[in-house]
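Two forms of a single protein chain come next, each set out by itself as structure tokens; they are called structure 1 and structure 2.
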Structure 1
Amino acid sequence: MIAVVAILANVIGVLTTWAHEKVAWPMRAARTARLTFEQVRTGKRSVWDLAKTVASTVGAIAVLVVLMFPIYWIFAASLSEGAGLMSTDGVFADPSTYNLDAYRWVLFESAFPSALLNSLIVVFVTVSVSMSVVIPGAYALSRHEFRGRKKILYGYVLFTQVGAGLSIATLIALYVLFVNFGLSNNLLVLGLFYAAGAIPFNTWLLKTFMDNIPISYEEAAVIDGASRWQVIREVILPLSKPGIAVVLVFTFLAGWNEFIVAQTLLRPENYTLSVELYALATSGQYDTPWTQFSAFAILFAMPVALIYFFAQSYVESGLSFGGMEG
């Protein structure tokens, strides 16, 4: 009960901070614009500098609009009437026909709920196993010298660079191996397989991040009487939050978005969301129910967007603080 209350308190705190930042954004923009024009008026900035700033801002907004157009198009298609992606009058359906029928079908009449449960099982196994190996492994490789350390590091680099190509080349052999051992159509085994693939790269990533944490912080804690476990819990883990957030997002994506291996090993009763989405696209003999497909795709992508949205500050600092330099 206490843990649930603590989690709810953290969620409410994050939502409150986010709402405060969003509400204050127009005020900050207006204040920045006022200061900019004041600098131009007093001669601290030239008109040419202001023109370059305005042109850069317009260009960035144009790029953002181009990047977001497919998402907006899919969202608009999910609200349209019928099964088509567009009307005869343009690329968008008639707004007067927008409704939530496609979302109602996905949530209450399709296999979305069972596929969502299957995906959550796979992701839970992938994330829990990966993080239980990645964090202590990254700390050991970052802070301790032991026999075979360099060979392990070279092996990690080789596996992370070559492993992705091998996973496709050995897919048939992998399928035969899993079938012979009776491990196909098993969500827990699939989660372990994703975790095994995610551990090398993410361990290397977090190890590189921990290398940037000064050892003097740990030495100061030891001098103050902290044990090794207290140093890890109260010094290393708090300072590694951005790196851990990056690893957590990458690991989640490894289990949530993967399609090829899941399509090969799972049968329809255990389909994950990515496989169920593909099955929906190919279910029609002569056509595809695009509005239902769009609604399914929006709901499928929603958790990834929410996780990145709430972990955005940690992810940005984790990627910029030497996390990707290795």
Structure 2
Amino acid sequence: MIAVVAILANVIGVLTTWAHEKVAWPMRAARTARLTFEQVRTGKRSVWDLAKTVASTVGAIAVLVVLMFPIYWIFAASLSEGAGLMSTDGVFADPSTYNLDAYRWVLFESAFPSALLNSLIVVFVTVSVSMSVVIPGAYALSRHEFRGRKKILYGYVLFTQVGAGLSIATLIALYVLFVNFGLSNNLLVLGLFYAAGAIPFNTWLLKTFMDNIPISYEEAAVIDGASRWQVIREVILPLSKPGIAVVLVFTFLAGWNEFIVAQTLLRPENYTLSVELYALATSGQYDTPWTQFSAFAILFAMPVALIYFFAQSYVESGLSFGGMEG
């Protein structure tokens, strides 16, 4: 219990620092802008040089706007009135009609809250189970020699990307098996299934990351008198944070986004967000209520975006595939 509180406190602490860092940017930007202006005024920086920077930045923003068009489109759709994403009145709905009804509907009238709970259960199982097997696995593969090590690594690499299509391919087989074992319509089992699928890729990913942690830290700890577990807890885990963050993001996505298997295995009372979202898209045999669908989808994507946003620096350094350059 205390450990949980401690972890929570830690997480909150880290989050607030991050948030602070992320939020402090307007002030920093303002200061930089002021100093830049000062430099240009005093001739320490040429206007031409500044213009090049401005042009590159504007160019990058333009590319971004183009790329993000679909996002903007659905965002506009989620605010608009009526049921269609498609409209003969123009690509974007009339901004004067924008409202938050769809969000209100999603949050208070739809199955969103209960599905959210289901999703969280699944994701919790997926993340905690895969973390608890991926981290030790990656550590062992990175640092210990044992029989079959290379075979396991090889197998893992081969299976890194088979998961997605495999679940469609083996859907029926899976379903039959699950039903026969009485495991269908069970959120915990579903979470476990996702965790299983996430193991090869994430173990391998984390292993490559751990390969780059100098072994001398561990040696230092051993000489300091730390036991095997103490070395792992006090040295390896903290040092693997970026790698673990990446794995966390990927396993979270694995549990959060998947819907084909979920839909087959679950019944409505256990529907997760992704299934509920799909159900919304196909509710009735013909029509899609686009406003609500868009609002639902945006809320669905929010946690992922937030997690990534806060873990960005970790993810970017955790994905560096050390040992792969050259």
Partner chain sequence: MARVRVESLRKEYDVGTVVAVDDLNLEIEDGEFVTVVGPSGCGKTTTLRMLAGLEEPTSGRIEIGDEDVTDVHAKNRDVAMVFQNYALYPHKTVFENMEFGLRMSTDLDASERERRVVETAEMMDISELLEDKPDELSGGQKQRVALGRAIVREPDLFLFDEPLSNLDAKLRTTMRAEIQRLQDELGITAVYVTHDQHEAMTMGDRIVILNDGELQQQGAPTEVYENPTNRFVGGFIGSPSMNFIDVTVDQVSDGLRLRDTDGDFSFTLSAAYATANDAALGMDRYTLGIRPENVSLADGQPQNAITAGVDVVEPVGSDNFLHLDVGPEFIARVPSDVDIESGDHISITFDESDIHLFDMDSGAEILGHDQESQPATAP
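In this text, rigid core is short for the largest set of C-alphas that superpose within 1.5 Å between two forms. Numbering for residues begins at 1 and runs along the sequence of structure 1. Everything numeric here is computed off the predicted structure, so don't read it as measured data.
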**OP:** Name the structure that is the form predicted in complex with its partner chain; the other one isn't.
**Re:** 2
Original post:
With respect to the change between the two structures, which of Pro303, Glu234, Gly182, Val63 is the hinge point between rigid parts?
Top reply: Val63
Subject >> Interdomain rotation angle between the two structures - two rigid parts, degrees >> reply: 21
**OP:** For Trp229, give the CA shift between the two structures in Å, the superposition being done on the rigid core.
**Re:** 2.6
